[in-house]
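Next up: the same protein chain in two forms, each one alone, written as structure tokens (structure 1, then structure 2).
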Structure 1
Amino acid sequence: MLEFFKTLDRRWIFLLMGLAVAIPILTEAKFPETPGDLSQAVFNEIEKLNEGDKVLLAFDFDPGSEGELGPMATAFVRHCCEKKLKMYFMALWPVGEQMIQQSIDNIVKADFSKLVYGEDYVNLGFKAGNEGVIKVIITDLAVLYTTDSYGKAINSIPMMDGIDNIRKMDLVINVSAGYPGTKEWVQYAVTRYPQDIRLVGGCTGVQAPLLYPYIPEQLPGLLAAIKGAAEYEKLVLDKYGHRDADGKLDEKGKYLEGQRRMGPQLVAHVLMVLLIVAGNIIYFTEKRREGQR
């Protein structure tokens, strides 16, 4: 048996890995999720808000990172809709505006059609300038935002009345794929006005270690990669069920996407661990045999 594994063609391993990813995707396998403390903290921050409270949703990601961040963005928007919060969308990434529009079309308009644009949600769109935008809008929003994403004057939008800066927001939610993103929101917004700005975020897996030092003071909660998205998704589903505000069944399962995407990742990781263990067993068995000769 040992000789068999030693001489095993590596293409069989590639095939196993391919099957480990493909089968859960094709079967839409979902595994039980146990939310961690950081995901629970994110959920709690939104859950404790009251109807009509103002939330800034900053979508700083693009289609390249949608695999990790798309499900958490979907869960964030759905949670805000369920709580009947006022949603202010913006982006510091050029393609972030596309991600915003996708959420508005697929979630707000599709499942929460009673919400009115300009009264319940607004799309402020993309602004160039990276962290420079944050530095400006924490004191004077009107300097940069004179119209919304569709060219409508800001002062003609009812829900923008009295919004001089983002310190008027009850919570800032940032979905980040890198720079500029959550780190910049912490450094240039929360750190400057810790009593006024409350921030939670979701980020890619490689970005998460850079943000952990800000927890829990500047960043009460954080969703890290697809695992964090799946955990938060479960919390939202457990509280609000699989039906939207209009009472329609979520037949497409768009609010289960995070848990679905965890399936192939989990199976592939288990296979990798087994292969590493098998490789070490073969290595140490060989070393012991050599020592006995």
Structure 2
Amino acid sequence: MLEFFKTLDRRWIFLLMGLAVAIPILTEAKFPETPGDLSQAVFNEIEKLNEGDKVLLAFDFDPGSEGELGPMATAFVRHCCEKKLKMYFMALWPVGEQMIQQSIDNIVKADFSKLVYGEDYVNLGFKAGNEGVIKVIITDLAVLYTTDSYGKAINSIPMMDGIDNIRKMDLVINVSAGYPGTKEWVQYAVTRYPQDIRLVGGCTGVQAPLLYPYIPEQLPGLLAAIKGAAEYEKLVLDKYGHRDADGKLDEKGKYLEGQRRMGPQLVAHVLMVLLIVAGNIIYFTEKRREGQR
């Protein structure tokens, strides 16, 4: 028996992991969610803004991290739409531009069709240069962004009036999958102009532990991995319900993506714990036998 587990083909473990994730998805298992302090802090930061306040949504992620960050981006955009904030989208990741477009199509255009492009939201798109871009646009936006993502002149967009740099934003929301991301926003924007720039973020599980030291002085709130996404999503849903701004009942589960994903998450986490325990039982049993010999 011990020998069997010791030499177990790892493909069995792959299969177990596959099933642990697939079955809850197929059964659409859902579990209750209790929001933590940091998600509540993110929610409060957005909640305390007033209608017409300006929010920069920096989407620094790609399909490789969409599983974790997509639900956050969706919830952020919906929350901003519900609050009628002016949304300025930008990206430091080349693929971030597609992520922005996806949010605009699936949320803003689909469920908040009254919002007008150029007056309520604008897509500034991607610029190369990583933190170099942040460093430039905190003092001068127009030098890099001469047009929006669709080639429209910046100075012909009504909501860009008076926005000569991003210090004019009331809040910066960053969805980040790595470098450049929340760390760079903290370093190059918040630390440089702590009085002018307030930042909240959502990040992947890999980054989250390393961003905690910035909380709360440099980063008042953080959504950490899919759990953070699910918590924040719940807060937004609890406050604004399952209806969109036009009052239509939202039957689509796109605003439940994070909470839905916590199903496979639970089963897979339990599997991970069991695998580690099993591995240790095998190890210690074997060690004891060796000791007996």
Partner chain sequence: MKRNVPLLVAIIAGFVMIVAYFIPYSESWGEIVLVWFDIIASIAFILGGGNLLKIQLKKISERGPGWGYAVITAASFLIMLTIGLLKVGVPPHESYMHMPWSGSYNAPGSPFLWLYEYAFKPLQATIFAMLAFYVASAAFRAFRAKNVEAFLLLGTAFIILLGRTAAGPYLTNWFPDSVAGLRAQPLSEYLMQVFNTAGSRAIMIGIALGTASVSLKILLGIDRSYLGSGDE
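Note that the coordinates shown come from a computational prediction; the quantities given were computed from them, not determined experimentally. If you superpose the two forms and keep the largest set of C-alpha atoms that fall within 1.5 Å, you have the rigid core. Residues are numbered by position in structure 1's sequence, first residue being 1.
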>> Quick check on the two chains I just loaded: which one is the form predicted alone, 1 or 2?
In response: 1
> Same rigid block for Val77 and Ile23 between structure 1 and structure 2?
Replying inline: no
> Rounded to the nearest whole degree, what rotation separates the positions of the smaller rigid part between structure 1 and structure 2?
Replying inline: 22
>> Once both forms are fitted on the core, what is the Cα shift for Asp9 between structure 1 and structure 2 in Å?
In response: 8.8
>> After superposing on the rigid core, what is the C-alpha displacement of Met272 between structure 1 and structure 2, in Å?
In response: 3.0
